[in-house]
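Have a look below at one chain only, the form predicted alone, in structure tokens format.
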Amino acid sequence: MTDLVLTGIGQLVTNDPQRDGLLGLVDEAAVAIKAGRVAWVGPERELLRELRDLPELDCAGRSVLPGFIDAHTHLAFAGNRAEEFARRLRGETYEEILAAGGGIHATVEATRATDSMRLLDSSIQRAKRMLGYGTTTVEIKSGYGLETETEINQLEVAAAIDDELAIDVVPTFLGAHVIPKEFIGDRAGYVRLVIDEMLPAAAPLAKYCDVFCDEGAFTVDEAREILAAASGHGLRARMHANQLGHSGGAALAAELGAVTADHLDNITSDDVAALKAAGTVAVLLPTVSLSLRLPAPPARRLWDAGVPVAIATDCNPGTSYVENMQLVIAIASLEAALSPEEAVWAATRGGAMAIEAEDKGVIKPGAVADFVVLEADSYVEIPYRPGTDLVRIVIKNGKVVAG
């Protein structure tokens, strides 16, 4: 934690609803930080005299945004699925590869076979790159163990990243990712393993429980049972829902009041209305659709209906090996019909809503001082220049940690 004043900000994105417009823009701005939190925000000409004595960072006309919040990742994994990626490009479907023992099963096999230190090292390297790209908070799921020891190992890796790097980690238990190979003939037995053994062990290490409720994964009834048990351990619900088909997962997420419903590529008007009524955040993953060469997620439809929208990388080795939220913003604008303003909001304030962090994704007094300083004078440059890393400086809790 530190004290700092940012001056010379050409365009400041605050996301403050008390200011005009979706992004609450302030031109020719300054931000004062005390003890790692925002103390003052406004036009630099109004900066209080006593705040001018703080250590200064001159942004030289650059744009400043809240730090990106990546609200859906599978960051802790081992193995490589580049060949599987090539097979998809040659015409095989994701479902065909999964049924043949590839996909998630291949990553489970590699992750189970990797020792804790190697898994931690590779995961830390990914998280470091994410931080350099401007992600200051990341959600990390388990789900590549599908047995208790490796699931716990993944959650311990997430905790170690939180301890060792200047990036906040939100841990999620995803033991109900798919049915592992050894339980293919005993679905009920695996559900009991998740509930009776994995959940009690994982609960002290996680904030959320996620279930992949979709074709080839878990049914609505199985997901409901697992999430009810998770609630008994104090874990809030998240759901992979309606990615591969109209599975009923989105409706269940709304029924349970889940914090998020993620993917949502196949939804109906009833699903949209239910999610809005429940206040569930739609976490959309546009780089997954890009990788799988599928239609973009229904961002415009959800946004226009008033469902809170977040966007995330879904960083994983199979369907979206993406670590850069700037690319996600660009694809959300170019392919998923969000405006640049909406995409930036979804990557910052929307992400904060998806992890229930009221004091993140916004630049206003009392908020956590997590910022990115762009090598550009406007946030519009992010989707305008896809593939370019425009983050010059990353500030975490008021301290420069990258750039």
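Source: prediction; values computed, not measured. The first residue of the sequence shown is number 1, and the count goes up from there.
The same protein also exists as the form predicted in complex with ligand NIG; that form is not shown, yet it is the one meant from here on.
Undergrad: Is every one of H72, H240 and T319 within 4.5 Å of ligand NIG in the predicted bound form, counting heavy atoms?
TA: Yes, the whole candidate spot contacts ligand NIG.
Undergrad: Determine which one of 155 to 163, 112 to 120, 74 to 82, 275 to 283 lies within 4.5 Å of ligand NIG in the predicted bound form, judging by heavy atom distances; exactly one does.
TA: The contacting stretch is 74 to 82.
Undergrad: Check whether I331 has any heavy atom within 4.5 Å of a heavy atom of ligand NIG in the predicted bound form, and answer yes or no.
TA: Taking the distances in the predicted bound form, the answer for I331 is no, it never comes within 4.5 Å of ligand NIG.
Undergrad: I'd like to check something about F183: if you look in the predicted bound form, is any of its heavy atoms closer than or equal to 4.5 Å to a heavy atom of ligand NIG?
TA: F183: no contact with ligand NIG in the predicted bound form.
Undergrad: Within 4.5 Å, heavy atoms only: does Y144 come near ligand NIG in the predicted bound form?
TA: Result yes; Y144 sits at the interface with ligand NIG in the predicted bound form.
Undergrad: Is there a heavy atom of I104 no more than 4.5 Å from a heavy atom of ligand NIG in the predicted bound form?
TA: Result yes; I104 sits at the interface with ligand NIG in the predicted bound form.
Undergrad: Only counting heavy atoms and a 4.5 Å limit, does any residue of 194 to 219 reach ligand NIG in the predicted bound form, and if so which ones?
TA: Only F212 sits within 4.5 Å of the partner.
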